[in-house]
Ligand code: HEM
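One chain follows as structure tokens, the form predicted on its own.
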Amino acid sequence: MHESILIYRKHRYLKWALALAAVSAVIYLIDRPLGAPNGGTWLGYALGTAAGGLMLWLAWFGVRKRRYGVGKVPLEDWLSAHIYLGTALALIATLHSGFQLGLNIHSVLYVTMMITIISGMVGLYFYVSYPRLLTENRRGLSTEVMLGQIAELDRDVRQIAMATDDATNAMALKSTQDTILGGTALQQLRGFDEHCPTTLARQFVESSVSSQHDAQRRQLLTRLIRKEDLLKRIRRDVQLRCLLKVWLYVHVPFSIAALAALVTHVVTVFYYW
């Protein structure tokens, strides 16, 4: 039976993360440094070392997940630990800073790290929700099957439209020739096209059906409604995939930026030590 990554091994890594965060918070609260808490105290260095080590370990997950079958620790363990320990990192790094931020490289590290962590939480939402959303949207049909059904509907639309007036025929033909899927990244993210020729044709035919004896227009309208529904589902599918790509374009670059800032932060600290 499939086990959710959030409850993997009976919340083992959640317990680890909570324990690590609790220990860090307790020591921070009982510590009495000279002056305000900051990264330059013994506790600041200890928390900074722990945070830096966690960042390096979390970044290694990107390498590990591409090395299938390598290593004694299952990938599911890595991912579950990545989620929970990455969340704990936010608290540990904040305690390391002593809640002191300014216009410097140290704050750049903190900001890039937090963006990475927050984007990781968004990625977790996608990981948990994406399969369900995709299944509900497709309703048991693959994208290839839906595209095949659209092609069949287009043939029916062209054939039925030939028996209608010129205006209806022109709108119907335009719906089969000018309807597009995908488009620019912004269009994919929106998930709909308010100027879709199929929607415009459906609205035109719907408004022109004047009597129960208008058989051709009613047949045409039925096909256009069916095609419009398939287009809506395919565009939603494209939207979900595009959202995943956008997430990767945020999470991965900021992860790399955070590592670069970490190296600069460490070098700067020891240079002025």
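Only a predicted model underlies this, so the values are computations on that prediction, with no experimental measurement involved. Position 1 is the first residue in the sequence shown; the rest follow in order.
The following text describes the form predicted together with the named molecule, which does not appear among the structures shown.
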Note to self: Would you classify I160 as touching the named molecule in the predicted complex, given a 4.5 Å non-hydrogen atom cut-off?
What the structure shows: no
Note to self: Using a 4.5 angstroms cut-off on non-hydrogen atoms, would V246 count as touching the named molecule in the predicted complex?
What the structure shows: no
Margin query: Would you classify S207 as touching the named molecule in the predicted complex, given a 4.5 Å non-hydrogen atom cut-off?
Written below: no
Notebook entry, point to check: Quick one: is N38 in contact with the named molecule in the predicted complex, heavy atoms, 4.5 Å cut-off?
Noted result: yes
Next item on the list: Kindly indicate whether A51, M121 and V266 are, all three, within 4.5 angstroms of the named molecule in the predicted complex, using heavy atoms.
Entry: yes
Next item on the list: Choose one stretch from 99 to 107, 196 to 204, 165 to 173, 142 to 150: the one whose residues place a heavy atom within 4.5 angstroms of the named molecule in the predicted complex.
Entry: 99 to 107
Note to self: Given a 4.5 Å distance limit between heavy atoms, list every residue of 79 to 98 close to the named molecule in the predicted complex, or none if there are none.
What the structure shows: L79, H82, I83, G86, T87, L89, A93, H96, S97
